[in-house]
Ligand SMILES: N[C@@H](CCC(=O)N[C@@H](CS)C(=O)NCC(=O)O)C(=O)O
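Coming up is one lone chain in structure tokens, specifically the form predicted on its own.
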Amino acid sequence: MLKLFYSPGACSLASHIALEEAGADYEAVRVDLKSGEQNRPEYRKLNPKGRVPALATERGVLTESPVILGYIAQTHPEAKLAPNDDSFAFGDMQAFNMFLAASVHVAYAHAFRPERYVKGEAGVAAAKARTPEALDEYFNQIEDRFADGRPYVHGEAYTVSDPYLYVFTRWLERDGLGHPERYPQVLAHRQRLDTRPAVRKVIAAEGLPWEI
């Protein structure tokens, strides 16, 4: 059985949804980031990075959302969560997921955890102030992907990129972080995912609100 270590509403939400979509045999283990559980020796032994998600498999532990999402898709091919038979299309999917991880997530981190990047009150204020601008740049690019009327990130087929984007669209609706009204297609994508049974099940399991 797979074991997913997650924190409610964190980026691990994407992996949680993907496991449910895949019909995987898994256990979800909550890690309380607010209390510092990710820094306890037992969790650091599992994941020295002290972050979520982490996925324990029979061969070892995987970390980083794009890696875990790709693993879920490849080990559950019947769920068709990735173009596993097309190397270029799979690479294109992973490129989008890495963009979310390396650019979009990092932009949010400058608001959520500015101390990772800057020191002092002035630095923290500047990092937070830059977040909406950076998010506008990135979400403009994402909005453009949907200009052709596609229902999902990569076209007609739902992939693991969709719950990953869903996480960051939910975050965009937090006060002062971005301008979700500027991205009607991205918001329509979020609403589309809200209706999926796997998404509804995981949102309930994590105890998350529908509105941020």
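For clarity, every value in this text was computed on a predicted model and none was experimentally measured. All residue numbers are counted from 1 along the displayed sequence.
Just so it is clear, the following notes concern the form predicted together with this ligand, a form of the same protein that is not shown.
Remark: residue 53 counts among the residues lining this ligand in the predicted complex, judged by a heavy atom distance of 4.5 Å or less. At a distance threshold of 4.5 angstroms between non-hydrogen atoms, residue 119 is out of contact with this ligand in the predicted complex. In the predicted complex, this ligand lies within 4.5 Å of some heavy atom of residue 105. Although the partner is absent here, residue 169 sits far enough away that none of its heavy atoms falls within 4.5 Å of this ligand in the predicted complex. Between the options 111, 101, 142, 79, the residue in contact with this ligand in the predicted complex by a heavy atom within 4.5 angstroms is 101. Contact with this ligand in the predicted complex, defined as a heavy atom within 4.5 Å, holds for exactly one of 203, 193, 22, 10, namely 10. Listed stretches are 182-190, 149-157, 62-70, 22-30; the contact stretch with this ligand in the predicted complex is 62-70, by a heavy atom cutoff of 4.5 Å.
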